[in-house]
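In structure tokens, one chain follows: the form predicted alone.
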């Protein structure tokens, strides 16, 4: 593999390089000889069913887990040169850990960790519309505000690469549109994005390339056009839980003859459109507190 990535109009330096990377948990491969490169200023989506390896890829890029193979993040090995690699990365988790502090205190804490300018770090709040919330307790924030804060924190220190794990999962339609617009702006300014999402519409709106993962294997890379052509093969209901009753939700699906999967606070199940009310009412009867749900076309074709 070279140190450059071919993009429309020429080549660019690779911001992220993953070469023959494997990660095992005991005898089971979470990643199996995965290789890809993301060019500087590109946006790449990680796509695949739950357990495909999307989160493991991010953990490897962040140097949070050991692996076989080679990874370079902005030219640095995330395990051997962890501090340098993490300086180049801003990470937006799906769920921001709730700490007993205010937004302003959290910003100051992260700025100190990143050795970033305090005033510049507070300016990141304005970018996300949080400049008037510095004294608000993090535990008092809504899901959407927590997600905006997570992005503001990730941008502290001016990283060149942004990793996002399900960035729109807890947002309503307007929040999703606003976030995608902001991410487009960051990309136009040269930031490299790599993100996972359960939402095909987010992938089509933001990704230059889609990395199709299944069972820890990079099955193929697709262009947005090719990805769009696979939509409609299957539809699914995606349910966002408020109370964290994941097992109850999955057991409910089994009781009504369906097979779902869950990750974090998100449950997804392939169904026909006429089964949507059946699923939602059964979950409600069993005490599953539903925060939101989406009906999506599911883009995944095994080849």
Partner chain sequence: MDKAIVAAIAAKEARIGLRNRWFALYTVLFAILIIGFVAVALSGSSLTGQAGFGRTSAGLLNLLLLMVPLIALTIGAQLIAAERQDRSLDYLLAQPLTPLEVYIGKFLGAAVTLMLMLLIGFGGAGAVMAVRGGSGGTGSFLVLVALTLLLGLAMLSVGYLISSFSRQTAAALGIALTMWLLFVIVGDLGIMGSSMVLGLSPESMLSLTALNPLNVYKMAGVDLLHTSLDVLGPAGIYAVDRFGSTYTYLMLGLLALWVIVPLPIGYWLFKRTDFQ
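Residue numbers count along the first chain shown, from 1. Being a predicted model, the structure only gives us computed values, none of them experimental.
The next section is about a form of this same protein that is not shown, the form predicted in complex with the partner chain.
- request: Decide yes or no: are 59, 62 and 96 jointly within 4.5 Å of the partner chain in the predicted bound form, with each residue judged by its heavy atoms?
  value: So, yes: the whole triplet contacts the partner chain.
task: Flag residue 223 as yes or no: does it have a non-hydrogen atom within 4.5 angstroms of any non-hydrogen atom of the partner chain in the predicted bound form?
output: Judged by the heavy-atom cut-off of 4.5 Å, residue 223 is well away from the partner chain in the predicted bound form.
- request: May I ask you to check whether residue 83 falls inside a 4.5 Å heavy atom distance of the partner chain in the predicted bound form?
  value: It does: once the partner chain is placed as it appears in the predicted bound form, residue 83 has a heavy atom within 4.5 Å of it.
field: the partner chain contact in the predicted bound form: residue 170, any heavy atom under 4.5 Å
entry: Residue 170: no, not in contact with the partner chain in the predicted bound form.
task: Consider residue 174 of the chain shown here, and say whether it contacts the partner chain in the predicted bound form, taking contact as heavy atoms within 4.5 Å.
output: Result no; residue 174 lies far from the partner chain in the predicted bound form.
- request: Tell me, out of 201, 120, 105, 178, which residue has a non-hydrogen atom within 4.5 angstroms of the partner chain in the predicted bound form.
  value: By the 4.5 Å criterion, the partner-contacting residue is 105.
Position in contact with the partner chain when the complex is considered in the predicted bound form, options 127, 101, 205, 217, heavy atoms within 4.5 Å: Looking at 127, 101, 205, 217 one by one, just 101 meets the 4.5 Å heavy-atom criterion.
Among 127-135, 185-193, 110-118, 205-213, the region lying within 4.5 Å of the partner chain in the predicted bound form by heavy atom distance: Careful reading of the contacts points to 110-118.
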